[in-house]
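The chain below stands alone, shown as structure tokens; this is the form predicted on its own.
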Amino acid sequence: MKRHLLTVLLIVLSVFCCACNHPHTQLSFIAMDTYITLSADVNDGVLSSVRQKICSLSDALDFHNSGSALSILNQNAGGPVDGDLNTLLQLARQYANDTGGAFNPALGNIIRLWDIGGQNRLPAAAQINDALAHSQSGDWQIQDGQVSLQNGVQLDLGGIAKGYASDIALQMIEQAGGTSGLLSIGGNIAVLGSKNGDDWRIAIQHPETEQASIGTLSVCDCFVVTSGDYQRYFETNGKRYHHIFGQNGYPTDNSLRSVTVVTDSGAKADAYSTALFVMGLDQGLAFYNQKQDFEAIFITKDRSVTVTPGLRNRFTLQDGGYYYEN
């Protein structure tokens, strides 16, 4: 956890140094099990309110806290929901459907079994198969503020919660009159407006070199989220087991090292970056061609970089050991 926070902090600082000439208020804190930095042209009170909101979301959505609203929902196999939890679960259901279950918030039993970042267990195949039988995307529904969890499904919203929090945070800043800002919630980036009339330059984490970037994105008024196999993992007998699980109950094992998604919603960027990583390069590109409501950067284990058309003039690759596939 400490190593992950340090990596996030260094990447965040490399982004925020671009904004140091702005009359921005800045606030940093830890919530949602990660390092968060807010910077915007609003007063201290606004950012304090944003922090309170994020901390409230963190408490409500904590999968590992038996007293959280999400955990109580899991314990009761569903029930009524309202407010942010209702909105977030509706989005989670939509993105699970859109991606054919590649984004699957029903993997709570799988996540608890492996406990990556905690006990770092390597379960037996029989244990994985049993947990998987109770982790199917179709075994939960939400309708009219009522959640139904079937077949022992346990919801974990870790693949969308930070993105949703960035949506809410940016809305609060805009409602307070903010016109320029950059927020990082564990590396989930939200940018508002521009930086002195220019695009914001966002560092993209290097998949092989800790505390370094592989390239930069020039963007404004959008959300940028990266999912990679280097973010939370353990290694046994030379094999890496990371926290992004495929539909077979095992950490996804395909050609990808990371996927970065750029779009107009933090929740969508968060969910889609996970889903595209699970899909793999070819299926991920097919999904992009079908949806056309986001842009993406795919980085593979063989060091190829595939950039969708909307980002080709906005992404600058900095590591000469990597090459553009398109």
Ligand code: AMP
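The shown structure was predicted, so the numbers you read here are calculated from the model rather than taken from an experiment. Start at 1 and count along the sequence shown; that's the residue number.
Keep in mind that the form predicted in complex with adenosine monophosphate is not shown, yet the notes after this line are about it.
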If you check in the predicted complex, is residue 244 within 4.5 Å of adenosine monophosphate, heavy atoms only? yes
Do residue 103 and adenosine monophosphate share at least one heavy atom pair within 4.5 Å in the predicted complex? yes
Answer with yes or no whether residue 227 is in contact with adenosine monophosphate in the predicted complex, where contact means some heavy atom within 4.5 Å. yes
Taking adenosine monophosphate as it sits in the predicted complex, is residue 158 in contact with it (heavy atom to heavy atom, 4.5 Å or less)? yes
Would you mind picking the one in 36, 278, 47, 61 that has a heavy atom within 4.5 Å of adenosine monophosphate in the predicted complex? 278
Could you check which residue among 172, 111, 192, 81 gets a heavy atom within 4.5 Å of adenosine monophosphate in the predicted complex? 111
Report yes if all three of 167, 261 and 263 come within 4.5 Å of adenosine monophosphate in the predicted complex by some heavy atom, otherwise no. no
Of these, 173-181, 236-244, 83-91, 69-77, which stretch puts a heavy atom within 4.5 angstroms of adenosine monophosphate in the predicted complex? 236-244
Note that adenosine monophosphate is not shown here; using its position in the predicted complex, name the residues of 299-326 with a heavy atom within 4.5 Å of it, in sequence order. none
